[in-house]
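Read on for two forms of one protein chain; each stands alone as structure tokens, with the labels structure 1 and structure 2.
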Structure 1
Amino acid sequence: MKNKNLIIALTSSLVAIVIGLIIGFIVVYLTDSSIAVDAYTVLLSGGFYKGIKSTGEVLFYAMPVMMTGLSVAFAFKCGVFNIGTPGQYILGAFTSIFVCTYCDFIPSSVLWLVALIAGGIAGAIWAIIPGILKAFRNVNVVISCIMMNYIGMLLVIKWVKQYIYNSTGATSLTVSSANAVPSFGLYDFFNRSNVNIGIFIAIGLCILAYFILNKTTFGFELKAVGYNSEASRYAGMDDKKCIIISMMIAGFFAGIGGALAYTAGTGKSISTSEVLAADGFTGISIALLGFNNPLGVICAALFISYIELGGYYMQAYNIPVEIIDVIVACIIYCSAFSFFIRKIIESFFEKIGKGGKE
């Protein structure tokens, strides 16, 4: 029975993906029919287009969005829509760069780990505020998260200028490759791609989150509160505590995501323009695509960065890279119908089942 559910879930997301890709193809075809097939081949071969190096890049780009996706998914399981990932993400990014810049008394072999954890804690602190406001003052989480996003963005810009400013580029300082997350040979294995062991950390955290949610009493309580907070309170669970802790954990993941993106030693720096971190919002898409399941998030993050890379390469055909967002939006829109698609597939299965018996 459980297997059948899994198959149905996978099929309905595959249907959504196929519909999204078909709509994308139609758009490309309408744009320029002569190159449509070639351009789309490049898009679809995304992560393999330039051999194993592209595969490494897919892993690299998947890393931060896997964490923001996990953040949204984890909070979702507890009934909270964490739209605050852009704020938590950028706080994590800032803190990790700050630690790498100022804590040079820590040996550089473990400095990256300290920076990552510090980034996670910063994200957790940022997320705990909407959690507390929700638990004790009944403040709508969506709104408080949006406010926290802007507050976080503006404060980080101020702090970047104050503490870690690189005035020549009007951005933050970057993390030197000596203090960066190590690659342990992945750099050479993937033909000089940017990927590092952060991807294993990200996948590991997803698996850990899966374990917490599905194999522990604590996870069961979180899900129960998410499903029906009043019934859980009646059953003796502390729903306030659950909301706060789930937001804290979600924020921790988003913060780690920011830290991973900026301590990779690739020269990435925080911009001082007043724009919310896009990786945070991508996290929402990824959580939705992955059915809010931590393991689904791993697949969704890899898939999204796969076609993002394809879209990047496809620009050579003069197709604007925004085509990817159009495709992803269509996929997410279709996945909103998953309940409906599921019903169709179920009735299809039933028919087959009956046909077999007769």
Structure 2
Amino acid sequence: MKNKNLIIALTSSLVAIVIGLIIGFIVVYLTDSSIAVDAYTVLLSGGFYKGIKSTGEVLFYAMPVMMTGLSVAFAFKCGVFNIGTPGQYILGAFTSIFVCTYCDFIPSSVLWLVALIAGGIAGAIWAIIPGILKAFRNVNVVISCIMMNYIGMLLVIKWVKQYIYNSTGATSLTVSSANAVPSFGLYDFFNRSNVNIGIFIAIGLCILAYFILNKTTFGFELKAVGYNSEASRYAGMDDKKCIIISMMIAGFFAGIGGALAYTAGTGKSISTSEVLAADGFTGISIALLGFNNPLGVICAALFISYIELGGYYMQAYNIPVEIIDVIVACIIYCSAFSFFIRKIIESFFEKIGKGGKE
């Protein structure tokens, strides 16, 4: 039974991906049919287009979205839809830059780690608010998370201008390479790509989340409350505490994602434009594609990063950036329909089973 579910899950993900790829190709073909095949070949070879350097870039781009995907997946497993990842992500990003800028009394060898943890804590604190509202007032967590996203974005813009403003580019300051997450040889191994040990941290947190949810009593309680809070309360569990803790852990993962993205030493800065962090929303697609399984999130994040990098390389064919965004978005969002396709496949197998019994 377990193997059957795994096969259905993998099949539905593959079908969703193929549908997305087909739609993406149609968009390319309608844009310029003469280069459609060549351009799409580049898109599909994204992670290998420039050899091992491209592979390193896939790992680099996967770090933050793997964390936002894990944030959504973890909360969903606990019965909460955490759509507040953009807000938690940008709070984590701001906090990590702030720590790297003002806490220069901490040795550079550990400052990056302090910044990551601080970013995660900031995300957790931001997520605790909708968690408390849900636990004590039964406020719809989706609505409260959306509101927290905009509040967080506007607060970060204000704080950037107040504390870490770079007036030259109207953005935040950047984290220097001396205080960045170290690569420990990955920079050379992947032929001067931007990947660092943050990818191991991200994968390690996914494995830790899987272990907590599936191998510990604590994780069982969180999931039990998510399935049925009233029955869990009757069984002696503190449902309010579990809801709040679930959101805190989810927010911590999203905050770590923001911190990883902005402490990589690549010169990435926070824009003062009033736009929510795209990586936060990408996490929703990744969680759905990975079936809200922390281990599935690892694979889904790598796939999404692979496609996005391929889309970046497609610019060599003079395809407008907006069209590339549309293509990549079609593939990503069709991939997010894997859950819907899974239901269709399960329904199909059920009909076959009933037919066999008759």
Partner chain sequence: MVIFHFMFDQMLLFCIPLLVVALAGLFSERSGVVNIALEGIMIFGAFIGILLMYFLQTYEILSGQALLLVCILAAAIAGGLFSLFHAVASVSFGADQTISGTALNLLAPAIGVFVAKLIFNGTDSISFKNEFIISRVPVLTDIPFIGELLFTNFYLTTFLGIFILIGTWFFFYKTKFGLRMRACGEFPQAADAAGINVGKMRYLGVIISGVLAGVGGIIYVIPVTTSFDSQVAGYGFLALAVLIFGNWKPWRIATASVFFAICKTISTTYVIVPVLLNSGISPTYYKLLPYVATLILLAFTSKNSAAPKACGEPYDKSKR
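By rigid core we mean the largest C-alpha set that fits within 1.5 Å across both forms. Remember, predicted model here, so these are calculated numbers, not experimental data. Residue positions are counted from 1 along structure 1's sequence.
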Structure holding the form predicted in complex with the partner chain is number 1
Once you overlay the rigid core, does the Cα of residue 323 travel 2 Å or further between structures 1 and 2? yes
Angstrom displacement of the CA atom of residue 342 between structures 1 and 2, core fixed: 4.5
